[in-house]
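A single chain, nothing else alongside it, follows as structure tokens in the form predicted on its own.
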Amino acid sequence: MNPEKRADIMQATLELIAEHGFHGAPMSLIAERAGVGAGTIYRYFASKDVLINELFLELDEKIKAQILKGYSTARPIRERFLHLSCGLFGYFVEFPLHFRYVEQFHNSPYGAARRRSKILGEAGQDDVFKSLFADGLQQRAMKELPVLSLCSLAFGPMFSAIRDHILGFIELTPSLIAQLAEACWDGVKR
């Protein structure tokens, strides 16, 4: 197996799904964009579902690696929240295709299944944000709401701002990112 060819297939999938959605990115088009034969994809991925999920997992690991740089659970909840939020904003500003893919993934049956397993706490689904919100509730630093509601309050506005940036409606500068992260904190703090 050629790692470069696999990377080309993943990049083509990322681009096509970000541009056209899951249904607008058939395997034949992915193969064409990646510069490989349609059958070649199946040597690397058993199905389109496997490809879609593996791409998400790869992006998820990249996002985690970026936002966890310098992160410490020993810090106060507010500082932890702002660190992760600014990191997430910054990552998606730098990699808008990743945002578009992740957003589509989370709004699809693929994302619903993954979210369900996270909510139910299945093995291997440890989540830094879920832990942050659980700690915030336990320390009485956050509004007494279900964790999922806190996530919606915090990340709904954040994702909307990132989407507006990608569409060219606003420019997410470091200063504006810091202000928006503070505003998201205001939405969840007690």
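We call the rigid core the largest set of C-alpha positions that still match within 1.5 Å between the two forms. Since this is a predicted model, take the numbers as computed values, not measurements. Residue indices: 1-based, along the sequence shown.
Note that the form predicted in complex with a further copy of the same chain isn't included here; everything after this is about it.
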Although a further copy of the same chain is absent from this view, report whether Ser47 comes within 4.5 Å of it in the predicted bound form, heavy atoms only. no
So, Arg163 and a further copy of the same chain: in the predicted bound form, are they within 4.5 Å at any heavy atom pair? yes
4.5 Å heavy atom contact, Asp186 and a further copy of the same chain in the predicted bound form: yes
Using a 4.5 Å heavy atom cut-off, state whether Leu180 contacts a further copy of the same chain in the predicted bound form. yes
Do all of His23, Glu103 and Leu153 end up near a further copy of the same chain in the predicted bound form, with near meaning a heavy atom within 4.5 Å? yes
Among 127-135, 153-161, 34-42, 56-64, which stretch has residues with heavy atoms no more than 4.5 Å from a further copy of the same chain in the predicted bound form? 153-161
Can you name the residues of 63-88 that have a heavy atom within 4.5 Å of a further copy of the same chain in the predicted bound form? none
Pro146: with the rigid core matched between this form and the one not shown, does its Cα shift 2 Å or more? yes
